[in-house]
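One chain comes next, on its own, written out as C-alpha cells in the form predicted alone.
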Amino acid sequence: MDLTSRKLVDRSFTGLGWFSILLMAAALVILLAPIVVRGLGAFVFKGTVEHRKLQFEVFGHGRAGAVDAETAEVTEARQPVYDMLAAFEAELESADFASRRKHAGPLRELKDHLRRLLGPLPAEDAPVLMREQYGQTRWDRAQMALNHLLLIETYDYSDPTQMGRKILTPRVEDFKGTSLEPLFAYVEDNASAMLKPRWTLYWRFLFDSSHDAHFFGGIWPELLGTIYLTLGAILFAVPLGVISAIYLVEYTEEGSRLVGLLRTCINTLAGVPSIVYGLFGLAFFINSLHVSQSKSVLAGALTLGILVLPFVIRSAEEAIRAVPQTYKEAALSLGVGKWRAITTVILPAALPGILTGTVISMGRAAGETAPIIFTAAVSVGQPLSFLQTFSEPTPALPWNIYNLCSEHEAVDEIRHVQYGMVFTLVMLVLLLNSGAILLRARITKRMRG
C-alpha cells in the first residue's frame, strides 16, 4: 500500500472513531438528560406547607415555631372553604328529598378532592393511612389535584372508529345557584395561600426512611441495602478472583487442557444471564448451604459475588500479564521465592489494573436486579444494622425501582421517587467508575515516582 492510500485509510479510521465517540456521547445525553432532570425533582421542588408539617411531625426536621405559624396562616386561608361547605350541608338538611339526592354524589366527590388537596376536613377523625393525613406535599401534585377538583373528566365514545375523546366539564356546573358555587373560584384564586409553596432542597431524600409505601420520606434503606450488597459481593469476589488469576498466570502451563477448560468455564460464566445466577443463589446458598433461613443480604452478596467473579478474574489476569517479565526475573535473581515475588513485586505493579476491574465490578453489582430478586431484596423494609445483614433481607435500589414502576398501587403519584432512585443509582455507578479512573491514575503516577 502506497503512502497516500495509507494516510487515507488512517484518516478514515480516525474519522470513524470520532464519529462513534460522538454518537455514544449523544446517546448518553439523550438517555441521561431526562433521568437527571426528573431525578433532581426528588431533591429540588416546590414543597407545600403540608410537606413541612410532615417533615416536622414524622422526621423531626424544621422548627416548631415556623411550622405552627405557617399552619395558622393556611388554616385562616382555608376557613372560607370549610364555612361554605358547612353552609351548603345545612341547606341540604332543610331541602327536599330530590335536591338532597341530586347533590349527594357531587358533594361526596368534591369533599374527596378537597381531602386530597388540603388534607382531612375539620371535625373528621384522623385517617389511618399517612397519605390521607396530609394534603399534597408537592406543588406540582397539588396543581393536578386542583385541576381534578375544578374539572370533571369524562370521555366520549360515540364514534366507534376513534378512541375516546376527553371532555372536561367545570365541576361548578353541579352546584349552580347554590351557596357552594363561589367555592370553586375561591379555591382557584387562593390555592397558593392555602398551601404556601416554596422552593425546597430536600437533601434528606437520601437519608430519610420511606413511609406509607414511598408516598413520603426518602430512600435510605434502599441506598444502604445497595451498599451492603455491593461491598459484600466485592469482599467475596476479589480475593477469589485475584488468587484465581495468579494461579492461571503463574502456576499453570499455557496450552494445557486444564487451563483451556478453566478459561472456557470462566468465559461461559461471564455470559450466563443474571436471572440464572439468582436461581442458583436461591438453590445453592439458601436451600443447600443454608447461609440464612430465607432471603438475606449475605445470600444476595454471595450471589452477586459469583456474578462478577469472572470479570474480576479476567481483569486481574490481564493486569498481572501486563507487568513486565523483567520485574519477576529481577526479584527471583535476588533469591526470593516465587510466592514472595508475586506478593511483593508483581501484585503491587498490577494493582492499578486490579483496582480498576474491582471498582467497575462494584458498579455492575450495584445495578443488578435479577440476582437479588430471589436471594436478598424486599419491597419495603427498614435500614439494617451490620449484624442483621447475615439473616435479614433488605430493600435495594435496582429492585425497588422496578417494583415502584410496575407494581405500586399509585405509580403516577410517586414518579419523583422513581426518578430519584434511578438518578441516585446512576450517580452511584458513575462515581464508582470515575473513582476507578482517578484511583488508577493516582496509583500509576505514584508508582512511577
Partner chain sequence: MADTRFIIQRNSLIISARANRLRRLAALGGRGILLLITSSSALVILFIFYFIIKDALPFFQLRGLKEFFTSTAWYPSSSPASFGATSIFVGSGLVTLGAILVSVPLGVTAAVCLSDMLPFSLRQLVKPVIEMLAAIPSVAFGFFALVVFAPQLQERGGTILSVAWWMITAPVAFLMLWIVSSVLSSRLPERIRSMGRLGLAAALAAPTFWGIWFVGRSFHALEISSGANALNVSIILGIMALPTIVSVSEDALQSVGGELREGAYALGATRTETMLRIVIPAAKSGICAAIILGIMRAIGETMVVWMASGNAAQIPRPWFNVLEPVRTLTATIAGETGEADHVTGSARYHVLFAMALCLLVISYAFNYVSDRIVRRTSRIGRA
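Positions refer to the first chain, counted from 1. Everything numeric in this text was worked out from a predicted model, so none of it was measured.
We do not show the form predicted together with the partner chain, though everything after this point is about it.
**Q** When the contact criterion is heavy atoms within 4.5 Å, does Ala142 count as touching the partner chain in the predicted bound form?
**A** No, Ala142 sits far enough from the partner chain in the predicted bound form that none of its heavy atoms falls within 4.5 Å.
**Q** Heavy atoms within 4.5 Å of the partner chain in the predicted bound form: does Lys46 have any?
**A** Lys46 lies outside the contact set for the partner chain.
**Q** Examine Ala410 and determine whether its closest non-hydrogen atom to the partner chain in the predicted bound form is within 4.5 angstroms.
**A** Output for Ala410 is no: heavy atoms all beyond 4.5 Å of the partner chain.
**Q** Would you classify Tyr186 as touching the partner chain in the predicted bound form, given a 4.5 Å non-hydrogen atom cut-off?
**A** No, Tyr186 stays farther than 4.5 Å from the partner chain in the predicted bound form.
**Q** Run the contact test on Ser244, Leu258 and Val429 with a 4.5 Å heavy atom cut-off to the partner chain in the predicted bound form and return yes or no.
**A** Yes.
**Q** Only one of Val291, Ile227, Ala283, Leu151 comes within 4.5 Å of the partner chain in the predicted bound form by heavy atoms, so just point that one out.
**A** Checked against the cut-off, the match is Ala283.
**Q** Only one of Ser94, Asn287, Thr169, Ser158 comes within 4.5 Å of the partner chain in the predicted bound form by heavy atoms, so just point that one out.
**A** None of the others qualify; the residue that does is Asn287.
**Q** Which among 212-220, 235-243, 176-184, 95-103 is in contact with the partner chain in the predicted bound form, heavy atoms within 4.5 angstroms?
**A** Heavy atoms within 4.5 Å of the partner chain in the predicted bound form occur in 235-243.
**Q** Within 270-302, which residues have a heavy atom closer than or equal to 4.5 Å from the partner chain in the predicted bound form?
**A** The stretch touches the partner through Gly271, Val272, Pro273, Ser274, Ile275, Val276, Tyr277, Leu279, Phe280, Leu282, Ala283, Phe284, Asn287, Ser288.
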